[in-house]
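In the form predicted alone, a lone chain appears below as structure tokens.
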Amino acid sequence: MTEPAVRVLSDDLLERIRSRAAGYDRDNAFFADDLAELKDAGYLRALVPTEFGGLGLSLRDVAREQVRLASAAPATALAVNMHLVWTGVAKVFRDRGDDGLEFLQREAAAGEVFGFGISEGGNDLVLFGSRTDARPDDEGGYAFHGTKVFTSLSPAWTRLGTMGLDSTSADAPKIVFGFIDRSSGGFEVVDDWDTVGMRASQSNTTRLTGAHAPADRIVRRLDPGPNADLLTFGIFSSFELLLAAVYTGIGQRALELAVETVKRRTSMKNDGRSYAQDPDIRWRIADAAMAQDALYPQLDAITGDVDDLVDHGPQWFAKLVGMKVRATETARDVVDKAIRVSGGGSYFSSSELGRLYRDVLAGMFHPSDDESAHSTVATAWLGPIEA
């Protein structure tokens, strides 16, 4: 693994976070103490420019830090990702000469926590369509009515980035993106997060019942369907790459645990020698390590291209979804191999490796899913399917 050029997360902080992860998972509790320490460390300001009070880190360095954080506590890293995604989008804007999200950078520097209220049950169009109703207020603002799922940071966000469909304005339909303030109300957080894994993220369902975003917090009105808007690129790049970092961290930790375990376990069949001397075990560990090692340079390269404003044209989205799917699927494979070599102890709920096995399953549900990603990549290389 390549170390970040600037470390925000000390080894001591990561060990404290690691020590709390099992308790959060067992109790299905929000990672409140982790979040407080991450805020104190300045981590939520990592992608904010220094002139606004942030740390001014690159996406590449934050992705590297997310690998480290996820290796300590995957659910904490996944939930923090949602805030980092929005600050990443704002960085994409600013780096490309668009100051439309400067308010977000200033508010993040001031301590506001941004949640990600985009996902909807049954909406496989993701950013390109919405089941949520966005009702104009005749002053440029919107009230949102609908249900959002997997809203990470539900107990803690103070600003929620969301979207809905305006079907009544003269130029309708338009997909409207905006930010609501928690203190203004108009929403309900449903206490329904009782999942197999990633439990500390507390990604509850959010019912929007008129949550209002004023005109100065409406950032885009876009035609439904695929588009090349900077907001779309900003969300895709930040979301997919930071997700890839989280699952890369899960794979890294699983491999570490597997190595520790096989060195410790001994075999009666082999005169008490450790399983680290077993040829079959060694092959599985090597296979997992080779798969894991391939992720770091790819993640570095693609995050670096976002930072450096490299123009991949129509191949950009193929690269982003490919990185996400590759990282999540590799993580599942590495965790599976780690379980296989570690023995029945990993099947107990108290096992860290068993927890990783549950946490890593979430990777298949994040957009872009496997089917959507393959469609995106096929279109990038072969063109669209002919009508």
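Predicted, not measured: the structure shown is a model, and the values here were computed from it. Start at 1 with the first residue shown and count on from there.
Unshown form predicted together with a small molecule; subsequent notes refer to it.
Contact check at 4.5 Å (heavy atoms) against the small molecule in the model of the complex: all three of L78, G117 and H366 pass. G225 falls outside the set of residues with a heavy atom inside 4.5 Å of the small molecule in the model of the complex. In the model of the complex, the small molecule stays beyond 4.5 Å of every heavy atom belonging to L57. Interface residue remark: T248 is not counted as part of the site for the small molecule in the model of the complex, having no heavy atom within 4.5 Å. By the criterion of a heavy atom within 4.5 Å, M198 is counted among the residues contacting the small molecule in the model of the complex.
A heavy atom within 4.5 Å of the small molecule in the model of the complex is found for exactly one of R131, R273, R264, H312: R131. When you look in the model of the complex, the only residue of I339, A362, L356, V325 with a non-hydrogen atom within 4.5 Å of the small molecule is A362. The candidate stretches are 102-110, 132-140, 150-158, 274-282, and the one lying within 4.5 Å of the small molecule in the model of the complex by heavy atoms is 150-158.
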